[in-house]
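Coming up is one lone chain in structure tokens, specifically the form predicted on its own.
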Amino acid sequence: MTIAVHPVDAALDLAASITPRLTELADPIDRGETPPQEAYDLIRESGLLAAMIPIENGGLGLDFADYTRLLAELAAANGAIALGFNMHNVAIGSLFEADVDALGSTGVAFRDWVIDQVVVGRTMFASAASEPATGARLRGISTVYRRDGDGYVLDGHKSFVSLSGVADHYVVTARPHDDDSDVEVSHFVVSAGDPGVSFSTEWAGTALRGTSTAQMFLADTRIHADRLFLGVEGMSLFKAVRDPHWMAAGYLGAYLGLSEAIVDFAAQRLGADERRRSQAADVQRLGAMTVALQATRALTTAAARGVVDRRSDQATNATVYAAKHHLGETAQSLAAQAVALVGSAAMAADQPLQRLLREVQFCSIMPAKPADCLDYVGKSTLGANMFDVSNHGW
């Protein structure tokens, strides 16, 4: 008798085959001693780039909840690489949540092209949405496109583009050059080698060097019409309002994994100290950290499962924003508590906690920011229609 393997179990097995090496690479990449390319090559070779692609199309067939669990496993080993991997899925994940029958011939052709690129070509996608003046907000972006014969020409400047120089294709947001509206936003796929595409040197942040983040410039960049995302113009903002989970919280699994790594480190250090592990105060502090981790894991899991069961539902979206806020606050709190519990040894340069402490700070910086999360949850609680674009500040 053949026993069916659940998609997430197959994906976790693939992850387990590379996480030991990802763990080894985490600190050298963070210190700038090793380029992150080796880690992303492991992701490519493992087959994990096809995590969200349906099984019938040669992928692993994960849904958003399964994906969140996979991302947590990767992040516990290497948070920066997990966050970079997430940007690949942010760029294409929504394609495989859509009803294929409703896509139309152009949309299906675009979807099939992406599947072929990932499954056969093992190419990596990335998202290029943030801009210097507007951040990750889709409203008010300055990158523009114009129609030109059988294609489009794009001009603009993107900031904080993860996987710069690593990904093969970038999903770029742009508005019509002759339209002052801030809601008509479209997505286009621009390839790394397209004319007029260039990148700055990598951003010199205090952490997450493995995300290979840089600025992206588009100068008179011409692409064919079939690189318009799903073949539809002007729907990107409305899609993000109805289904915000990728844009606002796709990386929840990554910060959950980082949080788990922090608590695991604290538990290992306390467990190895015969004297301190018998002290009630220290054991209780570890217990409080574990309770906080369990609470944020439960909320994150509920949000991810809600996306699968009740996508495009306002209550689900409110839970997504709530989970993003709670996890951001909890991750930073756990890091501070771990330092206090473990002591000065926690900040040793050859120990991972000093890196984890720096990495979790970025959860509240990434969209949606804490105030935006609370704004959404508060308005939703008061009964506002959160499918109305005007109710969103970002």
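Position 1 is the first residue in the sequence shown; the rest follow in order. Not measured: the values here are computed from a predicted model.
Omitted here: the form predicted in complex with a small molecule. The next part is about that form.
Using a 4.5 Å cut-off to the small molecule in the model of the complex, each of M87, T213 and M366 places a heavy atom inside that distance.
Contact annotation: of the candidates S186, S130, T221, S94, the single residue with a non-hydrogen atom within 4.5 angstroms of the small molecule in the model of the complex is S130.
Residue in contact with the small molecule in the model of the complex (any heavy atom within 4.5 Å), chosen from T123, T301, T143, T134: T134. Residue heavy atoms within 4.5 Å of the small molecule in the model of the complex occur in exactly one stretch of 177-185, 94-102, 282-290, 202-210, and that stretch is 202-210. Though the partner is left out of this view, S162 does reach within 4.5 Å of the small molecule in the model of the complex, counting heavy atoms only. For the chain shown alone, F362 is a contact residue for the small molecule in the model of the complex, at least one non-hydrogen atom being within 4.5 angstroms.
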